[in-house]
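In structure tokens, the next block holds one chain alone, the form predicted on its own.
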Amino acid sequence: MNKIDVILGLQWGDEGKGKIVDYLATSYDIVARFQGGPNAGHTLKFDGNKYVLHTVPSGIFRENLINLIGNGVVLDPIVFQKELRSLEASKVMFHSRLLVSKKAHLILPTHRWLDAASEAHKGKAKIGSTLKGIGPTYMDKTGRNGIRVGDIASPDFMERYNALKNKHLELLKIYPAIDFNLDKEEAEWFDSLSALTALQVVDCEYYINDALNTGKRILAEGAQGSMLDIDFGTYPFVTSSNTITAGVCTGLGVAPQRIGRVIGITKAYCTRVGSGPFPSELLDEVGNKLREIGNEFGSTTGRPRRCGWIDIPQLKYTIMLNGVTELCMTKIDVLNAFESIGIANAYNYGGIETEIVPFDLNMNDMQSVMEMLPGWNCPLDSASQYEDLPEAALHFIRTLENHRGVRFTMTSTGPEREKLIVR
């Protein structure tokens, strides 16, 4: 029985999934996004150019490859149209290769307005939303009020749109006023629908299962990271969807037994955007150095990312949740200039040392138990295979493998497409 392989992030997002999907895509017929929305920012670099994808799957740059936006994704037509225009400007032929699920939910302008108003109202308690309307859209989805891609063709589409908009306008009355030009945003939103309706829309669950049954090779691409999962992440500082492997089943319409390889991606260190707990965070010059060398600024928001050493308990947790079968490490080259490199081996809180991720990481006395390893203090540009890496870098990788019992099959030594060591 043909199975669907999965690639997803094991931290708080920004692990470098886009590049790895792009590399793996040549082994597949279809790349499918299964959750999230335009809060994703998957960056790819090749042929001297940089590309950032927000909604479109990262297999779009591989000729002849089908790219599917699944029903678990929430889609903003305005952002989507801009992304498609950028692809057109780059001479990427996508019209026959980019499919959208009829059951994917639409982000309305008033969803973004609600997101911004809600976040502004929270003040210091804000969760660090990207203000893309993701949360309010998923709330309407679960509240059974949402509008889906397939609804655009319905005769009563405008009636449904206006009903949902009016509901949002009523909700906005509970928040302090913020600047939002609804007339302008609505005009742009309706104009952008043409780019969406020009594509093929499909019944995702039938399409994906028929493809599997006819021998097609499929890669499911996750957005954000496992620690942002709505159920198992650092709640409430999470996203609004299931970012773990289980989300593939609901986000594409496949049964659990159809899941094959699960490739988990981790940076060689940790980052986080926005608010929320981060036990191994470095609030010093070392953290600043990681941020500057790693260019740790959000590809969607531009916000500086918080930086810290790699967190073993957190990784063990997400490997368990996802059923990870193999690992990929990105940005190991960012550590080239460090004399010593940290690994958080455990947590200490309430006088207890443990490797268990607690119910609530938002504890004032939470501390990471650190181990420092020697750095390698040299570039990795000449390393084309695993054995070419400096001994200190190999020791770092082996130490992580010993902690987690899963093997690294890929190591990225730079942002470019060709800088990837496959083991």
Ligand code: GDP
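Computed from a prediction, not measured in an experiment: that's the story for all the values here. A residue's number is simply how far along the shown sequence it sits, counting from 1.
Although not depicted, the form predicted in complex with the ligand is the subject of the following passage.
Checklist entry - Tell me, which of 331, 112, 97, 105 has a heavy atom within 4.5 angstroms of the ligand in the predicted bound form? => result Checked against the cut-off, the match is 331.
Item to check | residue 43 within 4.5 Å of the ligand in the predicted bound form, heavy atoms | outcome: So residue 43 counts as contacting the ligand.
Checklist entry - Is the gap between residue 168 and the ligand in the predicted bound form 4.5 Å or less for some heavy atom pair? => result Residue 168: no, not in contact with the ligand in the predicted bound form.
Item to check | Within 4 to 22, the residues that have a heavy atom no more than 4.5 Å from the ligand in the predicted bound form | outcome: 14, 15, 16, 17, 18, 19 sit within 4.5 Å of the partner.
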